[in-house]
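We've got the same protein chain twice here, in two forms, each standing alone as structure tokens: structure 1 and structure 2.
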Structure 1
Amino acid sequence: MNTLEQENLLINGLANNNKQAIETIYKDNYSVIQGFILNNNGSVDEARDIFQEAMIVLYEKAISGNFELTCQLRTYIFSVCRRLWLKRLQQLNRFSHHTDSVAETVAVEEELEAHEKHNNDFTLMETAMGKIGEPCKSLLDAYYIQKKHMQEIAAQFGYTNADNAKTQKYKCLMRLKKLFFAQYKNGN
């Protein structure tokens, strides 16, 4: 297996939430990124932040199912981090003179645009989940995310039977939907 195939496997690992894959990518790439950010007016905490965001970009690519690396993974990660950091610097009104470094990069603009939308969706859902309160939040989490059976949920949340739990779940879901789409339609 050549490196590119191995690296594509790693990225697939991310889609399955494989910690070993995450760890390998950290070990192989983090120090370069930290070096770059420290040399460009950033701190270790900022480097950690940027790297994490790049890992999320990679994850989005991985779950989209049709992503294949066309360059080395480290080039890709560096390009994403560089772009993210330049943007952050701009937002902070901090400038750097060394950002046009010699390291080779690939174009990642499209990715980052998609990433922004993706991030928005994630935050929208998180906010909506935060707003519906308990027990709705845990109820929906148990059914739609943890995929527990309705009987089990009924017992856990103290409903007399699975049907009652189900009715409650739909009521919660309708509230969540309303909150989510109110923002979704405004924002997107």
Structure 2
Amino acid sequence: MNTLEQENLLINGLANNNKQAIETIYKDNYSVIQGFILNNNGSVDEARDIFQEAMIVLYEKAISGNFELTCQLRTYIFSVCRRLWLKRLQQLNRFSHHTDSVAETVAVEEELEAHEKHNNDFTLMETAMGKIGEPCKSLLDAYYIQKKHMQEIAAQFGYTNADNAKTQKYKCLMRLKKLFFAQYKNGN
């Protein structure tokens, strides 16, 4: 079964309130929409609202009986969400640019691809972090996520001084880069 057939089954499932179809649409599309809205002056709650509005638009199209998908489902959902979000930003006076000019906006496909690549890179990094092992994982977490100073890290991990902790952090970072780029090259 090709992608178009699968997506038409999802749309039919949505029209018939099939729980599995609805969950699949959410699972396959929500994270990209949330990332787009968070990167464009929005919050998680606003992303949920916009995605829900787009699902309602899609549902109404699906039950109309004459809806024909002319692009990938994710592209359609993204373009609906993008339009809804830009409209909401205008209403909230958080966006002053006039959104009707298609020539002045980035193509939806390109924007979607960029968000998907960004999400894929995060997934690869998360996998690499899972493979790096201890104490590297905790050390990098302490420095980059918890924003601890080298003196604190040296004390926490038992290094004799901040310079030794910095050297170990560098080695861990190089190991993480090696794991990340090995996955990146393999396309995993």
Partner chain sequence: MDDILILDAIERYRNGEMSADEVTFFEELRKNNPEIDQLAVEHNFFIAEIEKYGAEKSYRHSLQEVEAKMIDEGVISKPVLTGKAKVAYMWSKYKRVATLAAGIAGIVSVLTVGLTSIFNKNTNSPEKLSREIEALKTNTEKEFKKVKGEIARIDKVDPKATPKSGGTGFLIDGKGYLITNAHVLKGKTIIATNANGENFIAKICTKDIERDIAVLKIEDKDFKPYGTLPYGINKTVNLAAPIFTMGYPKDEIVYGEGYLSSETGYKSDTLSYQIAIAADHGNSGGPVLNKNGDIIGILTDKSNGGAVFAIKSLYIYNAIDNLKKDSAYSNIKLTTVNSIKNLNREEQVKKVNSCVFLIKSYE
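All of these numbers come straight from a predicted model, not from anything done at the bench. Structure 1 provides the reference sequence; residues are numbered from 1 along it. Rigid core here is just the name for the largest C-alpha set that superposes within 1.5 Å across the two forms.
Looking at both forms of the chain, which one is the form predicted together with its partner chain? Looking at both, the form predicted together with its partner chain is number 1.
When the two forms are laid on each other by their rigid core, does Tyr159 show a Cα shift of 2 Å or more between structure 1 and structure 2? True for Tyr159: a C-alpha shift of 2 Å or more.
Glu126 C-alpha moves between structure 1 and structure 2 by 2 Å or more, core aligned: After core superposition, the C-alpha of Glu126 moves 2 Å or more between structure 1 and structure 2.
After the core is overlaid between structure 1 and structure 2, has the C-alpha of Lys148 moved by 2 angstroms or more? Shift at Lys148: 2 Å or more after core fit.
Cα of Met174: shift between structure 1 and structure 2 in Å, core-fitted? With the cores aligned, its C-alpha sits 74.5 Å away.
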